[in-house]
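To begin, one chain is listed below as structure tokens, in the form predicted alone.
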Amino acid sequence: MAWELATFPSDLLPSQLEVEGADVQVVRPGEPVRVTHVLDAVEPRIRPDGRAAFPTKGKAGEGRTNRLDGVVVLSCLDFAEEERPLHEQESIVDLAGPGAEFTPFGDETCVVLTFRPGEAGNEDAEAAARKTTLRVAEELARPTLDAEPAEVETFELGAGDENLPRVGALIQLSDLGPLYHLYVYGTPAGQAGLPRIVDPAELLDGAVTSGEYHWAAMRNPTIFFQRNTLVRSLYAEHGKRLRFADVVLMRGYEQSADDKQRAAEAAAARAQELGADGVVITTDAGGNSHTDVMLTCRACERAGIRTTVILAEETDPESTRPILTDWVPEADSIVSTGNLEEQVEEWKPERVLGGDTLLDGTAAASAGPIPVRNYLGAANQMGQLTLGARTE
């Protein structure tokens, strides 16, 4: 079944927005603005047939979905100081200056929602912010219902040449508890029956949304699923260099060695069900999720499925040797998405949204060099950012 994605220009963006319990600012591309305490980034989407753009029931990836091009909704929330989430890191988006090169939002019109949590606890405040952000993203796209699209893309997988290798994507979803969930049709990943095979169009069409708020550079905001470059690239190469063998969603942050091994073998078994000759394995966040990925790599290789793993490094900038959290000998094809410990040079924005003070107490408008780890999506391990190589 085909799925259509219709693109509309950003001049359909409403000029005024009102959201209860949040301050709203619209920032045009390239403005000298720094956004702090960023929770999520979402592309405005709506379905002409009235179904939810971010469904909790039914199936995504069917019919048509309208998208508002060049627009992203950024949600911001400063959690109560005494209830900070474990491992919470600052999450920054710079729309100009050197930091703009590290996240893909500097060229976007950003609708920034700064939520006021009031007396609610962290989990209640987060749930309200997350659900409101998705509703706002859907409402922003509503003007497209009465407009002609600038472009229509169709995503459909035919049979393909059987002589071409079958390649799948194993996409890891974080699940470490409240404030560390990714959601599959509104259900936390750990309760969504992972690993499971899904139509790749489902991933692009709102089936997965974000609710995790640590390791800003390595987390996967909702927009990275909506615009997933890895999935779109595999679609584009289907029938040319390969046959796209669908997507397996798998859980990250299994908490015991036995659970990690079982989950890795189960993910490899799903890849075998796809008839995959090779898979690309993505990573979400950091720490023990890297061990889950490496064990999955080993399980796939031992099942005869060739692998490529996408990982970020945590290397002292003075060192010439890359440092990975975990590694297995079978991981002989690794794509590095960058070094979390690199420093982004100092830049003074004219305006700060989200919150004037960073989590370390530094004034956001006058902060010195900031590590890459604190920029939202800067070292994304899902194949989302444009990568390059250089020789020295």
Partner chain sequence: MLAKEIERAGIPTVYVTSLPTVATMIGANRIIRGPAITHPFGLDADERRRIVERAFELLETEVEPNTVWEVAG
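Numbering follows the first chain given and starts at 1. Everything numeric here is computed off the predicted structure, so don't read it as measured data.
Form predicted together with its partner chain: not shown, discussed below.
A.B. asks: Check whether D326 has any heavy atom within 4.5 Å of a heavy atom of its partner chain in the model of the complex, and answer yes or no.
C.D. replies: D326 belongs to the contact set for its partner chain.
A.B. asks: Indicate whether its partner chain has at least one heavy atom within 4.5 Å of a heavy atom of E254 in the model of the complex.
C.D. replies: Contact with its partner chain, yes.
A.B. asks: Classify Q272 as contacting or not contacting its partner chain in the model of the complex by the rule of any non-hydrogen atom within 4.5 angstroms, answering yes or no.
C.D. replies: Residue-level check for Q272: no, no contact with its partner chain.
A.B. asks: Quick one: is T144 in contact with its partner chain in the model of the complex, heavy atoms, 4.5 Å cut-off?
C.D. replies: Result no; T144 lies far from its partner chain in the model of the complex.
A.B. asks: Which one of these stretches, 292-300, 195-203, 182-190, 144-152, sits within 4.5 Å of its partner chain in the model of the complex when only heavy atoms are counted?
C.D. replies: The contacting stretch here is 292-300.
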